[in-house]
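The chain below stands alone and is given in structure tokens; this is the form predicted on its own.
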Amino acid sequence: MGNHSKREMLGAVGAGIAGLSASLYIAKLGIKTHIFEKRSGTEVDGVGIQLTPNALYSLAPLNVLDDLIAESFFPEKLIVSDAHLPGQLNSIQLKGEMEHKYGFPYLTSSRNLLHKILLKRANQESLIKISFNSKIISTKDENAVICKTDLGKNFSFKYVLVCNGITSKFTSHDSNIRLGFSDAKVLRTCLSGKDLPLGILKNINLWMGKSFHVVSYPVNNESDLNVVIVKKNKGPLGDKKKLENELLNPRLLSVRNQNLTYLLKGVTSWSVWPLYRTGIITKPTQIHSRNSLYIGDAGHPLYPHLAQGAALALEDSHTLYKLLHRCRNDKLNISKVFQNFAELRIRRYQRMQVESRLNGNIFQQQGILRLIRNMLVKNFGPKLMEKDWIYENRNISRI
């Protein structure tokens, strides 16, 4: 792209996984990025993260996989069980099989680890500037994008990436993406699981319950586990103590699965979060304008029941890079690239949003529907659980 690209300056709102990975990719094209982050430090919310083959495919060109793999975990299987029954319903092989089929393994890790690695790389890159303690409170998108901070400073950019997460002010107010609170809460904890059964320590486990479900997986080789419970609860977050009392006593949930009983007995406290209700994206203009592009959770908020939030953000960064790279020999029209990006990605966003919402309903079925679900998982588990359309990388490799 020559001198033209080196003169371009992009702004990015948010120094999370989406903002950092996108800026690192853009730097590969010789384009400068100034990232604004409201936090004062480098720690991020969340405990664990699942990095499926499509996520690692999009991380590979950034040369961070060696550092990530060294401190992450390769789960052997995904095991699905009914929380109210002994044993498991079915499982699929992950270790070895994912790499064989899709070219990359399936990792579980710490969100902080991935963020730390990306941030270190960004700090080493001369074309990336990061301003912490800089909360963007508005963006005015005309011939240039004016980003205004909460300290009253204005910054002008030709283009801006909005990538500051699902609770982005821009997502809930300035964009057309509908976001609200659902009738469920998310409880998370990190558990040292050295005394737990190997079936928990070596695998991703999903226990489906009546109006709740539980997911656990190791985040490193030190037997540390990420444990997440999603439970229907219409009360305010102030009901935390009531939720904790219920979840710390498996009898109140009628848990009969031995492994889940062991797991819950080891938990002493939870962090409670709201589960956001997200609307389905219906048109590309919901995620882009002439000079702005929404990526990551700010552009396509997703229920967590598909474990694809981080993967989609990384795919966004990789896709944007490939589209910019494809037109590198022409006069760079980033506005056109933003439009092409949104038109290319929207179908994948829609399918992810629909399927993640559907998973949440399936995981928490009761009555006759629960029995039918269990029968289908027992008899057709691998076919239902394998997600080729997610893990293969044709949607990016064909660009």
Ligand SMILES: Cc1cc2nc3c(=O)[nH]c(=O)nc-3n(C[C@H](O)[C@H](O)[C@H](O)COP(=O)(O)OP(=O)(O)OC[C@H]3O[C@@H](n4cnc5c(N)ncnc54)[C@H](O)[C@@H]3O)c2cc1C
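What you see is a predicted model, and the numbers here were worked out from it, not measured in a lab. Residue positions are given as counts along the sequence shown, with the first one as 1.
FYI, the form predicted together with the ligand isn't displayed, but the following is about it.
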Could you check which residue among 311, 225, 161, 287 gets a heavy atom within 4.5 Å of the ligand in the predicted bound form?
-> 311
Could you work out which of 91, 203, 134, 110 is the residue within 4.5 angstroms of the ligand in the predicted bound form, going by heavy atoms?
-> 134
Could you tell me if residue 214 has a non-hydrogen atom within 4.5 Å of the ligand in the predicted bound form?
-> no
Using the partner position in the predicted bound form, report whether residue 273 sits within 4.5 Å of the ligand, counting heavy atoms only.
-> yes
is_contact(residue 18, the ligand) in the predicted bound form, heavy atom dist at most 4.5 Å | yes
Residue 307, heavy atom within 4.5 angstroms of the ligand in the predicted bound form = yes
Pick from 253 to 261, 319 to 327, 292 to 300, 97 to 105: which stretch has a heavy atom within 4.5 Å of the ligand in the predicted bound form?
-> 292 to 300
Members of 10 to 40 lying within 4.5 angstroms of the ligand, judged by heavy atom, in the predicted bound form | 13, 14, 15, 16, 17, 18, 19, 36, 37, 38, 39
